[in-house]
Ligand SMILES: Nc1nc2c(ncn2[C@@H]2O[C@H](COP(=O)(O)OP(=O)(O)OP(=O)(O)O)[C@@H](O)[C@H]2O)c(=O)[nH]1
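Here we start with a single chain on its own, the form predicted alone, put down as structure tokens.
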């Protein structure tokens, strides 16, 4: 998992913050830690060596720019170098009517990625549809139909050959964006290359996006270069970043190929998909969260920005707590949402603590409806006798009521520990956070 990679990066930044003197020995020590983290994430040795040399060259014996101490300059340089290393620029595709061809080897996650991309395009105000051109894998078209149902988009599949399916879709489809799912193989061979080239002539795609699973690690570079040479690609989508320790290696490898990483898949859900922005990605890895991403997600599902910001304040009644939890659940797993809050990624929160099942939410709704207005405002007043009355009225056990109250207090405590991200305004890295834009204004 990338958690381990992120933890290692956090340690490197904390180590700099705790330095008494930034001398050659101190720089070598931090760089060694960084090398270890990168190699464990399956980053190519030569790339790690180049990154290390670049950091040392810029820091050892350097005179920091006006307004920065040498320690702050070290932090800034380390951050900038890692961002450059993992991709430089934010990935983008034009938000306009277009044709997108997804390519990749067998098992890369093209079909589920097609659904995620269509869902993402919908949030941007476009009307997409899927085209099932994978005739090689058994049940591939059926799988895409299921994905389309989940994303609530039309799926076109009529025809025997991939080229025929593509032609029929181009004639019939009224949607603005067509996403073509292609067949994969176990290896990039002449047969696959010929099929993709033939499809390309029919589709004339605006974007040819290569889908690569993160567990490929450093091998992603070779695959990207080979596909680019044979069929030409305009960008890369790295999938399954949540399920492998090799994600850092895959991103680094893809970033040094001739095509940029445009999107990343961060989970199995239809919404676990985002534009790849190296600055925000690294910021989240090192514990600064992603307030911008949180507000964007909130906007996509219709939560007002002021309500999303209120989630971060930590001052809420039981009623507000329940409504906010419901709103946050629409944005995906609560654990992933809280990972976007500055400070939370650095806390040791038990796995699964933030995620509440639908059945439990229904119980909690009944419990809160059985409370008086005063109890909702002041949950601390709820003692044993009140718990009995509330549980009876809600048709649940006393333990269910206690569980809700305990969870409410724990979530409140977690958010207060981070001070809604405002805690990052103080401490040794505070000036860095402010100067280099981690959205602390939220």
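Positions refer to the first chain, counted from 1. Computed from a prediction, not measured in an experiment: that's the story for all the values here.
Although not depicted, the form predicted together with the ligand is the subject of the following passage.
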May I ask you to choose, among 268, 164, 142, 189, the residue with a heavy atom within 4.5 Å of the ligand in the model of the complex?
268
Which residue among 119, 240, 280, 246 has a heavy atom within 4.5 angstroms of the ligand in the model of the complex?
240
Among the candidate stretches 103-111, 172-180, 155-163, 119-127, which one is within 4.5 Å of the ligand in the model of the complex when only heavy atoms are counted?
103-111
Evaluate residue 90 for contact with the ligand in the model of the complex, applying a 4.5 angstroms cut-off between non-hydrogen atoms, and reply yes or no.
no
Counting only non-hydrogen atoms and a 4.5 angstroms cut-off, does residue 137 reach the ligand in the model of the complex?
yes
Since only the chain is shown here, I'm wondering whether residue 184 would be in contact with the ligand in the model of the complex (any heavy atom pair within 4.5 Å).
yes
